[in-house]
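Here's a solo chain for you in structure tokens, the form predicted on its own.
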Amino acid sequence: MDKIYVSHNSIVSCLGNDSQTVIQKIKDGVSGLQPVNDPKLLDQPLCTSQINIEKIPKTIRGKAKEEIFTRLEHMLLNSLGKVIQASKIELTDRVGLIISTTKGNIDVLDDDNPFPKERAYLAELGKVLKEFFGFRTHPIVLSNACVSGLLAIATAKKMILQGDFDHVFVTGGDLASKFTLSGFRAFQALSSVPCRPYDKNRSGINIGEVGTSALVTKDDTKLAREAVIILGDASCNDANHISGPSRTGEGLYRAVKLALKEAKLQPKDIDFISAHGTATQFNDEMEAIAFNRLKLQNTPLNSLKGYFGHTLGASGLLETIVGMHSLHQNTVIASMGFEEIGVSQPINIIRRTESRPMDTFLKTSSGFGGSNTAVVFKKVAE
């Protein structure tokens, strides 16, 4: 089977507007989560991460004409543009585009937003990106709850293997919007303080925003230094509840088991797990149960939600990119906010950022509707 790689990448986030800056801040233990008291977002104090759009370079098409874009479009255009430029790939009919998001331009539905309400359609988001960069193929908008970003990588791999494309650009983003924040408050899942995944004193989720992009390709001649090989992937829906995961971790268990099978690896071969870790009671407990069933309870594990918050449909893509750089730099990243185990099964939470030799990592994502995705990545031999 041909090898498929994840290569060039870019992160636009609360911690910076390029991957290198963001990774360094994470290694330094910097979190982008901040207390916010904004009645336009929510009528109560909350903790979230937000992007300062004014600090993102303006996106210009042509020599003089500045286009007007939504907040999310601005984030994605900036992130995706950097990856296209760095890859030096011509956008022919052998190049695909996948956009991962849960709510897209949902903020245009707010009363004070100047954009037409039709801009909220996910297809419109795809159209904007396609026309701006000049993609010759029809973009795919993948919106499958919070597994969307990781599932987009797996989907890109499959499309390349079946001969549809030679390269696929994947971009993902979501906003800390009034709509999203109100929804999670209705679930009584929002925390007003920084989240603490897997911790005994965790009090819920923080919503964050990000625009992030990566290239998935079969070409091994111009890879980024932090590129990884996709060894195996799988998805499974546990069909338990619209918003609650399986109490036995069945969907995640099956997804990881199948991903390891395709990768031809055993649990002992995984150097670290970049887990979902939302800091909600049910999610963290479900993951701990699933990882124990998989004999992965001793594998070093982190959640990156303490740095960015939960970036929804972009989280799996964002956290894969951080994992790639972590693998390349032989550095395990601490799971911010963790102090004392707060799940019923033992798991090996990474307590401090430190150097150690590594070759592989497992990325998992879980989401509403019982969705679960797992992908195994391996460092490209230097």
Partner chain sequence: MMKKKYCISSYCHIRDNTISLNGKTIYTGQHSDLKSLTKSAYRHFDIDYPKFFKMDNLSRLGFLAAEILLTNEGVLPENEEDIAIVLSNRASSLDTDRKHWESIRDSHNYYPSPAIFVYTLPNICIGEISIRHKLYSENSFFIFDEFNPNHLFSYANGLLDTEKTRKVLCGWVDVDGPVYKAFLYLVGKEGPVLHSIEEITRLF
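Source: prediction; values computed, not measured. Residue numbers count along the first chain shown, from 1.
The same protein also exists as the form predicted together with its partner chain; that form is not shown, yet it is the one meant from here on.
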query: Counting only heavy atoms and a 4.5 Å cutoff, which of 88 to 96, 118 to 126, 286 to 294, 68 to 76 contacts its partner chain in the model of the complex?
result: 118 to 126
statement: its partner chain in the model of the complex has a heavy atom of only one listed residue within 4.5 Å, and of Leu265, Ala189, Ile229, Ile140 that residue is Ile140
- line: None of Lys200, Lys222, His241, Lys257 but one has a heavy atom within 4.5 Å of its partner chain in the model of the complex; the exception is His241
- prompt: Looking at the partner-bound form in the model of the complex, is Ala334 within 4.5 Å of its partner chain by any heavy atom?
  reply: no
Partner proximity in the model of the complex: Val193 to its partner chain, non-hydrogen atom cutoff 4.5 Å: no
task: May I ask you to check whether Thr180 falls inside a 4.5 Å heavy atom distance of its partner chain in the model of the complex?
output: yes
message: If we define contact as a non-hydrogen atom of the residue within 4.5 angstroms of the partner, is Glu209 a contact of its partner chain in the model of the complex?
response: no
field: Stretch 91 to 119 - residues with a heavy atom within 4.5 Å of its partner chain in the model of the complex
entry: Thr102, Lys103, Ile106, Leu109, Asp110, Asp111
